[in-house]
Structures are given as C-alpha cells and as structure tokens.
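This text opens with one protein chain seen in two forms, each one given by itself as structure tokens under the names structure 1 and structure 2.
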Structure 1
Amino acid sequence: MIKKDRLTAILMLMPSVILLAIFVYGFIGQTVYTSLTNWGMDPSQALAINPKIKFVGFAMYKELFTGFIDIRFRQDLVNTFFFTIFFIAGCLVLGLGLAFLLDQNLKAEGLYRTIFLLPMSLSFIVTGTIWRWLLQPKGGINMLPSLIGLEPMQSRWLTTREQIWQFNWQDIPQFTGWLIVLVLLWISFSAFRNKNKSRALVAFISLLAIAAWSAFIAPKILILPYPETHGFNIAFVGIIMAAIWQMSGYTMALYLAGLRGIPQALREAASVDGANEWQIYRHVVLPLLKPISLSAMIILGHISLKIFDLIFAMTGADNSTTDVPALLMYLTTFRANQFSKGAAIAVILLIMVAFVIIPYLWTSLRSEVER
C-alpha cells in the first residue's frame, strides 16, 4: 500500500519536474546553442521559415565585448553595475532605518508599515509611469521647493546625457587585477588575525604576483584597439530613486521580521550587563541582522540585474543612456531580429544572476538539511 502511494507521489510530481526541465533547462540549453550561431545576423535569413544558420562559436560574445558597434552593450554593463550598487545600498539603509523606527513601539505602527510596503504591491510599470511624471524636467519633483516659496530645481532627471566617473574600457584587466589584490589583502589580513599563518602567507604571495601582473602586464593587454570611455549616466539617478521607493519596503519587512525574531531576553541580558540602548543595537542587534542583510543583498541584486519593466516604463525601450542588458536583449532579439546576439546577451545575464544565486541556494538549502 505504502509502496503504491510512493509511486503515486512520484507520478504526481512528474508533470512539474518535466515542465521545468523543458522550460528552464531545455530552453537555457537552446539559448546557449543559439548564442553560438549566427541566426539573424544576416537580415535576409532572420525571419525565414527554415533559416540558414551557421555555427560560429563564441563570435557573438567576442563582438559584444570588443566589437565597435556593441559599445552600447558595454555601457549597459556599466549601467547595471552602478544601478545595482546604489539600488542595494539605498534599499538596505532605508529599510534598516525604517525597521529600526517601527521597532520602537510607536503608535499606529501598522499604518506606517502599510504605507512603506504599499509600493511593493504595484507593478513596475505603474511605478515607472508615476515616476516619469514626477521627474518631468519642468514639473513634478523639481517644482516641490516652490511650494514653500523657494526657487524650483533645475534637474533634467531622465533626459540628461551627463556622465561622471568615466574610465577607459581598456583598463578593465588592470581594474580586475587590483580588485583581486584587494580581496586577497582582506583574506590575508583576516587569516593573519586568526593566527592562520600559512594561509596568510599564501594569500600574501599570490597578492604580490597579481599586483605585479596588474602593474606591468595588464596595461599591455589591449582588449580594444582604441580607448573607449564609459561611466555612470546621471539619468539613472531618477530610476534608482523610483526603484528604491518601490523596493525598500521589502528590506524593511525582512529586517523587521529579523528584529522581532531576536529574543527579548537577549536584549535584557545586555541591558543588565550595563549596555545602553545604543550599545545594545550596535553590539547585539546589528550582528544578528547580518544574515538578513546578505539575503536582502542577494534578492535585490538579482532583481537589479534583471531590471527591465521599470526602465521600459520610465524612459522607453530605445533610450540608449538608460539602457541595461535586459532591455538590449529585448531590442536586439524582438525588434532587430538578431536572435543569436540577443541570445548571447541573455546568456551573459544568466551567468551574472547565477553567480549571485547559486551560492545562495547552495548554502541556504544545505543549512536546512543540517538543521
């Protein structure tokens, strides 16, 4: 009887497993294959019923990272990088601040919480539409100061083409090298502090090797034949504001759940030991919230890598200053019909998301098994 039921269980699970196997892994496989062909790069073949498709290896990827026309894709990567950093930082700081305030036993706490989480229930399209109106150069937010008799602001928000923090794409190998040096420095330092001398030494020696490589060899690697500047597009400031407005309620809810999960006894014990309110937060509560910050960073990080609808609604799909890879993939594939290049962008996007998500899935499910 039990045996038959076990079979039924597996049979009932099968439809979902098969569907996901096809729709997730099968389709990813097909996308990877498409990205290695030239499907759509010849316009006459793009929409043919049986298009002539040639296998071209990593040619699409090479074009994206080094091709002259695909400068837009490289700027998109830079845009995503800056967007992700400011978006996550904003959501974490604001979310933690709001959660801290809500944790103070204020009256009407429920009302405040409802207000901060309200944007979470909206579509990014609704948020984008609203903020597009808020950020009109001659109205909206710019006119707010005039309510209290001040001069209106002059920011051009989404329409500006200004770019700051410019750097040369050719310097990327050096930057990467120095970044690894920083990470190794940190590993070496913490190993040293934990009295793990051999690890500290190994990390330090590899650090020196990579520093030498970054200083002398990396500058000679020319990934592009000519200098190409990229930077942070100021037009993103408005988009980041809208995204934080929408998502900081989420981090607030996460932190609040975390705060409520801390046993009151723990705080009381610290208070008995003579810690004041501030010290309790600094030394007891904040360290306990660290895992929550990490989860929040991962969830927000993968959302920001995938961000598509918000920008679509705020500046349209065609605005090159506020472009991101997710949008470029849509344009390349469904407007320009360059399927193989669109697929390559999609694969790069998937790899970036996988870097963030797989370690997270791995650790959180493993700790669950151990429990």
Structure 2
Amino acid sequence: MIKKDRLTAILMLMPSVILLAIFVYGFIGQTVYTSLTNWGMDPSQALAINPKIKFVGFAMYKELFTGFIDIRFRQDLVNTFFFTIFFIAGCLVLGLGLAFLLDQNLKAEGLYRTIFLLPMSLSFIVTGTIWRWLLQPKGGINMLPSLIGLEPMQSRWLTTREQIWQFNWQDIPQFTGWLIVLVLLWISFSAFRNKNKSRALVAFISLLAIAAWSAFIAPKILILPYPETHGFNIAFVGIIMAAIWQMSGYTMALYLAGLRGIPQALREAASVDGANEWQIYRHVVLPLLKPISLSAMIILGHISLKIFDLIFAMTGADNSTTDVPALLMYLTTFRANQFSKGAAIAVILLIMVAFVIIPYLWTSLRSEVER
C-alpha cells in the first residue's frame, strides 16, 4: 500500500517536475551558457539564422566589472545597493510605526488598515505613473508651497544628476573585505553567546585573516587602470519614496499580525516587574518581532534587487542616472542585441538574489527539521 501511494505521488508530481526542469532550470542553464559566449558582440552575427558563436569563458563578466565602456553597469550596482538599503529601512520603519499605531485599538481601525494596504494592491507600473506625475518639475509636490502663497519648489526629483557619498571603484575589494569582516564578527559573537566555542573560534580566525587581507593586500589590487568614482544619485530619492509608499503597507500587515500574536500576559508580566511602555516594546515586543523583520527584509531585498517596472514607469529606459541592472539587461539584450552580455547581467542578478534567498531558506528548513 505504501509503495502504491508513493508511486501515485511520484506520478502526480512528475509533470510539474519536468516542466520546472525545462522552463526554469533549463532556461537558467541556457542563460549561463550564453553568458560564456560572444553571441551578439559581432553585430553581423547577432540576429543571423545560424550565428557563429564562440565560447569565451568569463570574458563578459570581466568586461562588465573592469571594462571601460561598462561604467554604466558598475554605477547600476551602486544604485541597486543604495536603493536596497533605503527601501528596506524605510519600509521596515514606516511599517512598524503604522503597526504600532493600529495596535492602540483605534476607532475605525479597519478603515485605516485598508487605506494603508491600498498602495500594495497597485502594480509598480501604476505606482510609477502616479509618482511620476507627483514629481513633475513644474507640478505635483513642487507646487505645494504655492497653496499658501510661497514660491514653488524647483527640485528636479527624477532628472537631477547630482551625486553624494562618492567613492572610487578601485576600493571595492577593500570595502568587500571589511564587509566580510563585519559578517564574521557577527557570526563569532552569536556563536560565542550560544556557547559554540569551536564555531566562534573558526569565525574569529577567519575574521583576522580577512581583516589582514583588507588592510594590507586589498589596497594594492587595481581592478581598473584609472580612478572611477561612483555615488548615490539624488534622482533615486523620488523612486525610493514611491517604492516605500507601495510596500510599507505589506510590512505593516506583517508587524501587525506579529503584535496581535504576542500574548498579553508577557506585557503584563513585564509591567508588573516595573517596565514602562518603552521598555516593554524594547525588551519584549521588538525581540519577538525579529523573525518577522527578517522575513520582510528577505522579501523586500528580493524585490529591490530585480526592480524594473517602477523605474521604467517613472523615468523611462534611457535615464542613466536612475538605471539598475535589470533595466540595463533589457536594453543590452533587446535593443543592442548583445545577448551574451545581457545574459551575464542576468546571471549576476540571479547570484545576487540567491545570496539573499538561499541562506534564509536554508535556515528556515533547518529550524523546521530541528523541531
């Protein structure tokens, strides 16, 4: 009977497994292979019926990170980094604040909850169109001061080319090293706190090795033959505002569900022990919301890394100051017909998303097995 049930389960799952293998992993494999060729680099062969494709290994990846003409891709990575940081932070802070507000048993709570969740029901295309109208140089938000008799603002929300927090691309190896040091420091501290001395020792030794590499070896690595500055484009402020407006309702819903799931007895016990309202939130409520914060960060990080439609709707495809890798992949592949380079950008995006998703899935699955 058990074998029959197992065979039935296999037969039921087989069509889905086959389709998944072909249309997901098969196409991923094809994209990876294309990124290792020179398809499209010769315009006469790009759209030929039988193009002459040559295997070139990781040449496209090297060109993207060190080539003279691919400075736009490197700025796109910087744009994505800053967008991700501010987008996640804004959604978490605003969502948590709205959840705390709704948790105070307000009148018409259902109405407020609906209003806060409404932007989430819109597509990024609709959100981008709305905020593009709001951020017009001669209208929208810029005209608000005129309602009280003041001069209109002159902010070029989406078209300014001003940059702040500039750095040299040559410093990327050193920055990466110090970022790894911070991660290893957190792992070492967590392992030591959990009394896992062997893991803490390995993390600490690795930390010292990476720190030495970052301090003495990384500064001597020249990935470009010339200085190349990048920074945070101010034009992204309007896009970040629009993205936070749409997705903060999502984090609000997660946090509100978490707040409603905290037993009232815990708050009352903390109050009996002398904790005030702020201390209850800091030492009882917020620690219990950490799993929700992690889940929200993973989902929001996944969205931000492959953002495309919001930026396309707000600034179009040709505004390089608000470009991101997903948009550049579209332009490189379907406008320039440089299929191998577009595939390389797609693979880099896949790796970035995998770095966010896989550790979370691995931790979640391990915790479920341990239970």
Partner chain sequence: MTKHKLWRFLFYFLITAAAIVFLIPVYLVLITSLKDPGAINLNSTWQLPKVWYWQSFAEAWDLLAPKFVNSLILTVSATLLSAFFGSMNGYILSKWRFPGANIIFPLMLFGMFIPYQSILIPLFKFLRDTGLYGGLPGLILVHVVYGLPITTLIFRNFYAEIPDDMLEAAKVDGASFFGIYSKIIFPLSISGFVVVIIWQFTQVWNEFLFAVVLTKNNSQPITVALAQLAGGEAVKWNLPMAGAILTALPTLLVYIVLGRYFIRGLLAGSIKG
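Here, residue number means position along structure 1's sequence, counting from 1. C-alpha atoms forming the largest set that superposes within 1.5 Å between two forms make up the rigid core. Computed from a predicted model, the values in this text were never measured in an experiment.
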Structure identified as the form predicted on its own: 2
Ser121 C-alpha shift between structures 1 and 2 of 2 Å or more, rigid core reference: no
After a core superposition, would you say Leu94 shifts its C-alpha by at least 2 Å between structures 1 and 2? no
Note yes or no: does the Cα of Leu111 move by 2 Å or more between structures 1 and 2 after the core is superposed? no
How many Å does the Cα of Ala212 travel between structures 1 and 2 when the structures are matched on their rigid core? 3.5
